[in-house]
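Coming up are structure 1 and structure 2: the same protein chain in two forms, each one given alone as C-alpha cells.
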Structure 1
Amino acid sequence: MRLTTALFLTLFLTMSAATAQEADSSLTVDSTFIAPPDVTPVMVKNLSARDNPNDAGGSILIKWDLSVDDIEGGKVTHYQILRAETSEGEFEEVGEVPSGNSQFIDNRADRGREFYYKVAAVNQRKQEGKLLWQVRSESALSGPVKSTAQWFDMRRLNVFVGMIILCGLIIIYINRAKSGKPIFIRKIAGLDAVEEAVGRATEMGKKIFFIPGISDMDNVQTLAGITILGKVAQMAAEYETWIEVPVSRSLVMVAAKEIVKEAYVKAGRPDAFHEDQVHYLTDDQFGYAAAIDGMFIREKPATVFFLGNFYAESLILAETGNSIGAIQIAGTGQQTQLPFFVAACDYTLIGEELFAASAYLSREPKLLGSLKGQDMGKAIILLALLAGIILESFNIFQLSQFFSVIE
C-alpha cells in the first residue's frame, strides 16, 4: 500500500510539470522527501529587457508581470534572472529577487555587448537550511539588448532647472552691482565693528592679533578667514597699527603673508610691512593655543580676531582674550564652538556670516552680486517650502514632486 501511494504521487507530479503553460520546469528533490503535487508556479508574462536609462552604461533593466501564482496561489518564493550571450547559449543566473518584485537591474552587463534574458518563477521549500525540493518555470526569451551610456540624467532635471535659476539671479545682481544700483545687505554687527576695533587698537597704541583657526588651506573656513584678513590688514596699515598673524599651518602662513603684504601695498604703505608679522607657531592643537595665550598675556593686544575653523581650543583662546580686556570678534562655521565664542567675545559671526564677510567689507560688485543672488535663491526655496506645506496639508497639490528625483 505504501509503495503504491508513493508511485501515484510521483506520477501525478510528473504529469503536473509536463502540462504547465509553456513552462520549462525542473525539480530538485531531497532523496528522503517527496514534493507535494501541483507546486509548479505559472511562468511570468510580458518579460522586457532594455538599457537602463539615465546611467553611464553597464546596466540592463529587466521588467515582467508577476506570475499569477505569486498574486493568488502563493507558489512563488522568488524569481531568478537568467542571462546568456546568445539565444541558444547556456543561461546563467545573474541575480534573484523575492516574490512580489517585478523588476531587476543587471549591473554586470558590459557596455556594448548583447545579452538575452529569461526570468524563472521559483517555488522551493527548505528545512533547517536544507533544500527539500525546488521547481521553477522559465519565461519566454527577451533580447538581444545591450547597455549604452546617456549624455544626460533626466532624473536630475529639477536640479538643472534650479541651477539655471540660481546662476541667472547671480548674474542679474552682479550686473546690477556693477551699474552702481544699490543692493541691500542686512547689517552684520560683527563686521560693522571691524573698523571700530582697529581704531581702538590705534588709539591705545597696542597690537591687533588675527587668528585664522587651526585648519589648513583645504578648509573653506580658513579661506574665508584669510580673505577677511586682507581687509583688516589694509585698515591696520592705513591706521599705522601693528597686526600680527600667528598660524598653525605652513601653507596658511605663506598665503596669509602674501595677503597682508598686498594689503599694505593697497594702503600705500609697502615699507611698513614686516615679514615677521605673519609667523608659524606649531601644528599641535593645544601647543598652538598655549603659545597664543602666552602672547596675549605678555603683549595684551587691544583687539583680537578669531576667524576660521576652531575646535576645543576656542574657549581657551577666547577666555584668555576676554581676561585681558581685548575687544574680540569671532566667526566660525563649527556649530559646537559658537556658544563659546558668543559667551566670551564681543561679536560673533554665525555660520554663513563668516563667508559673507568678504563681500560685506569690500563691497566688490562680483562678490556682492553673488551674495545677493544666493540670498534670493534661498528666499525662493523658503517660499516654495512654505507653499508646499500649505498645499499638501490641505491635499490641494503635491508640490514636493518637483523637488524629488524626476523619472
Structure 2
Amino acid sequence: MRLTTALFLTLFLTMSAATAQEADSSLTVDSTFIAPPDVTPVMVKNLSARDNPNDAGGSILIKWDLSVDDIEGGKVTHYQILRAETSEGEFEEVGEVPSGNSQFIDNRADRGREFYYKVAAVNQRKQEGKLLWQVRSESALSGPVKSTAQWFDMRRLNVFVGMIILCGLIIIYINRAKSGKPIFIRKIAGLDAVEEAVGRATEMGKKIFFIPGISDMDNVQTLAGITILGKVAQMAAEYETWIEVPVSRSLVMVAAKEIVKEAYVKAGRPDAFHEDQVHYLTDDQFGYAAAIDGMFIREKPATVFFLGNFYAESLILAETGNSIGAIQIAGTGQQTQLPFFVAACDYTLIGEELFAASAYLSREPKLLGSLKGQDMGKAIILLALLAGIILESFNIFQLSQFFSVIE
C-alpha cells in the first residue's frame, strides 16, 4: 500500500514538474508551488492566420475559436500567440491577449516573409505579482502565411469618394474661371491691409519682416505663408523697401529665397535682391523666437507679417512686434495660437483665410476657380450637416456613418 502511494506521489510530482516546465520563460515561477491537477485548459480550435487586409503589409491577422474552458471563472487566463519562421522551428511569443479575445494582429511580421503561428491557451496563478504556476495547451499549427501590401484601403472608400467630389468641383470651377466667367470673392480685411502695410514701411523708410512660422515645407500653412511672401516681396520690390525673412528651417530658406528672388524679377528689380534677405537662424523654437525678438527691438521694422504655422512663440513674437509699434498682419491655422494673434496684431487671417490669400491677392483665374470649387464643397457639407442633424434628431437615418473614417 505504502509502495503504491509512493509510486503515485512520484508520478504526480514528475507530471507536475513537466507541466511547470512549460511555463512562460519570461516569468520566474516559484519552484515551491506546483500547478494543481486538472487546471490545464483545452486548446483553441480553428486557428487561422492570414494577411491583414487593407494595409501596407507588415501585419498578420490571427483568429481562433475560443477554448471551451474560456468561460467566466474557467481555466483560461489569457492566450499567447506564438510564431516561428519554419513549421519545425522554435516558436517565440509575439503577443498575448486576455481571455475572451479570439483575434490578434501581429504588427511585427516583415512584409513578404513566411511565418507559422500557434496559439496557446494559458492558465496561470499569481500572488502579489509573483507567478506561482502556469500551464498551457498549444493549438495546431497555422501557416505558412506572409503579409503583403494592398493598393487600396477599402475601409476608406468614403474619403476617396469625398476627394473625387471635391477635386471634381475644383476642376469644374477652375475651367469656368479660365473661360472668363467672373468669380466674386468677398472682402478680407487682413489681405486688403497688405498693401497699406507695405506702403507704411516705405513711407517710414523702415524694414518689413516676414516670419513664415517654425514648420518645414511639409506643412500646408508654411506653403500658404510663403505663397503670400511672393506677393508681399513683389510689392516691397516695387516700393523699393527692404524685406527680411528670418527662417527656422533650411528647406523653407531655400524655397523662400527662390520666391523672393522671383518676386524681385517680376517687379523688374532683380538687382535689388540680396541673398541675405532670407536667412536661417536656428531650428530651435525659442532660440528662433529670442533671435527675432532681438531683431525687432534693434531694427524696429514698420511692418511685420506672421504667416505660417506657429506654436507657443506666437505671443512672444506678436507682443514684441506690438511693443515697437509695427503694423502686424498675422495668419495661421493653429487655433490655439489664433487668439494671441487676434489680441496682439492689427489684422489676423483666421484659418482658411490664410489659404485663400494667394487667390485673393493674385486674382489669378486658376486660383479663384479653386477657391470657388472649395466653397461649393463647403456648401455640400452645410447641406449634409443640416439634413443629417434633422434625420438623426428624429431617428430617421444615421447619416454620420458615411463620414466615419477608419484610421
Partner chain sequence: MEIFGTWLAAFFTLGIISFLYRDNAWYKLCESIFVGISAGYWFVTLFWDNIHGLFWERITERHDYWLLIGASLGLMMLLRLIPPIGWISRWPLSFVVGATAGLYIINYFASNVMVQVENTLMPLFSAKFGDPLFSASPYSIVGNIVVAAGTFTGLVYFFFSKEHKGAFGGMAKIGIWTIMITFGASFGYTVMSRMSLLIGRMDFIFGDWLGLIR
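Reference numbering: structure 1, starting with residue 1. For clarity, a rigid core is taken as the largest C-alpha set superposing within 1.5 Å between two forms. Note that the structure is a prediction, hence the values are computed from the model and not measured.
Comparing the two isolated chains, structure 1 is the one taken from the form predicted alone; structure 2 is not. Annotation for W242: C-alpha shift under 2 angstroms between the two structures, rigid core superposed. Relative to the superposed core, G58 shifts its CA atom by 2 Å or more between the two structures. After superposition on the rigid core, the Cα atom of T336 is displaced by less than 2 Å between the two structures. The rigid core superposition between the two structures gives a CA shift for K178 of 2.6 Å.
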